[in-house]
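For this one, two forms of the same chain are given in structure tokens, first as structure 1 and then as structure 2.
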Structure 1
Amino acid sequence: MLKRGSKARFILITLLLLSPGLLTFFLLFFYPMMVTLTRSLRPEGEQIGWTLEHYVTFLAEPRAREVILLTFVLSIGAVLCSVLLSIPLGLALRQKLRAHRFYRLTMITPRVVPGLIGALGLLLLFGSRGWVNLFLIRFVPFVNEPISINYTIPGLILFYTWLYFPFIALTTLAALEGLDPAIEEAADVAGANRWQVLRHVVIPLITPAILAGSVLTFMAAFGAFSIPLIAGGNHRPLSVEIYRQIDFTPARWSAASARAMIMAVLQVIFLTIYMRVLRRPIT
């Protein structure tokens, strides 16, 4: 009886400790998700009845595939660019360069600046009369006229990378700084050159950190709203497409909810595949 009482007390204490987290999960995620799912299955403007019309209508539209493809292109592009920037930057900063604290602060600046303000600033910076184009025209040979960056897909990927790059950069830098230098020294003594040490020792050891940062980057970029709304022009990913549905008078909440559920399902499916692929051993 004493053991049963102790076990019951342990279960009760565990539930009490978990209750704040479970309540938060229910209020901030599960309940809103269920409301969105229910709304997506209701006829527009009705509180009763069930229908798949909003899903079928959107997926049957020719531009639906374009919207979904654009959302993935922007998100994956931001992840790839962020990874390619994070590794060399992390390798440089772990050497404790002069003013390395300033560089670290600069890395996290995009996450401090609100997305709307950042989007407007990037439009001005990369505009036809912005500093970037003025620099290119003045100092780069064969560039005689402004380069179109704003309101283009490459420009959006560039803006996404600027905004979400810190997720991968910080996790990669933390992993690099946590590596034991003796591991790289052992590979060097064994005859490996710098590229082989990086390819076969460093990269595999920091892959979990890159994976964690890239997942955060993908999730944030997949649901990005401020930058594509302000700087996307005619290029509208799923988040902006959802907003367009509630921008009507009257608002199309059921149609917007159906698009939001499609967006959530696509995100979960891609992340599952992505994590499985990246967790395979690197040879």
Structure 2
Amino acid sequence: MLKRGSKARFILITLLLLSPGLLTFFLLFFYPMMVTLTRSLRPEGEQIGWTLEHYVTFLAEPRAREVILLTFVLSIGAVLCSVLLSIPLGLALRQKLRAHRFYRLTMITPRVVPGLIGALGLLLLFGSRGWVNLFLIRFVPFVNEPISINYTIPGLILFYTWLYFPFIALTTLAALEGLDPAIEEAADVAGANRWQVLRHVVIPLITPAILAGSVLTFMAAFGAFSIPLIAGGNHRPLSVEIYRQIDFTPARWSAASARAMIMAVLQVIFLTIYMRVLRRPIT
């Protein structure tokens, strides 16, 4: 048992150790969030007074629903595409074939280079003069004109997937590599063909990992800013909508702040629901 004096000392030291992290949290996150919140409730350009007009005017615009819907469509689309890409990729990579390490590095490349540069390359690749369109025109029947991919919603989802799939791919691969090979062999001996093993055994067992990875991909895609900023064209999700309020003079900080608060609340609500669903035993 600790004596009372040493117990007090223990608490004090713990608090001291925690203080840098807590201080960072309050000064660099909580305080800015409060500033954003206060700003969103002030009349534009004023330091006093309270108003809800920034929320009301934004939410009353028909554009608001469009912007919010677009943000969700892009992030959920990116999650779905990433899952569809990650499962075959994980299955291929766990075989440890030739150049295994190279492909593992390839998988994380989009997360290591600046996203903007990736987006630039994608714009060049999928542009009307890019290789993808040249390929389509040359080899695919009935395609004679460049197809527009850049600055469209499917194009954006493609770019998001390129940038944010590694989260899901990594958790999926880790889960696949953690599976006891005997479990699949058991299903195989029991008469399940390759597809049945995948459907009844492998996929159910890696689903928790896929869902965990998809939280990260969703968060990243929901808050994505650089990609839609340069590759979004007329499609502006919430983050770009916020930035546009302060990018032009006169900067509308209060309007931007109100939109930022709406975005933060939407993300927290969505994540909370998602976590609830995750916690529910899947089996």
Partner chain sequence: MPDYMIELRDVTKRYGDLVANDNVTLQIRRGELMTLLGPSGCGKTTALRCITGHNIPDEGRVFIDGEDVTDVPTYKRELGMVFQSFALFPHMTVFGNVEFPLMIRRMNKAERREWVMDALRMIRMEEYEDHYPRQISGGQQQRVGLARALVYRPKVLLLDEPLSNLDAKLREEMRFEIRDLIDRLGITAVYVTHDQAEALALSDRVAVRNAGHIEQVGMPDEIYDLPQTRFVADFIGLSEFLAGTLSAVHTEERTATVAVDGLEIHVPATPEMAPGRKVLFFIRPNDIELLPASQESGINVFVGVVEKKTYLGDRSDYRVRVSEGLELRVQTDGKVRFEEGENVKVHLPIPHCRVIVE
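Nothing here was measured: the structure is a model prediction, and the numbers come from that model. Residue indices: 1-based, along structure 1. Superpose the two forms; the largest set of C-alphas matching within 1.5 Å is the rigid core.
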**Asked** Which number goes with the form predicted alone?
**Response** 1
**Request:** Superpose the two forms on their rigid core, then report whether the C-alpha of Arg194 is displaced by 2 angstroms or more between structures 1 and 2.
**Result:** yes
**Item:** Threshold 2 Å Cα movement between structures 1 and 2 for Leu52, core superposed
**Value:** no
**Request:** Verify the C-alpha shift of Leu28 between structures 1 and 2: is it 2 Å or more after superposing the core?
**Result:** yes
**Message:** Core superposed first, then measure: what is the displacement of the CA of Leu12 between structures 1 and 2, in Å?
**Reply:** 3.1
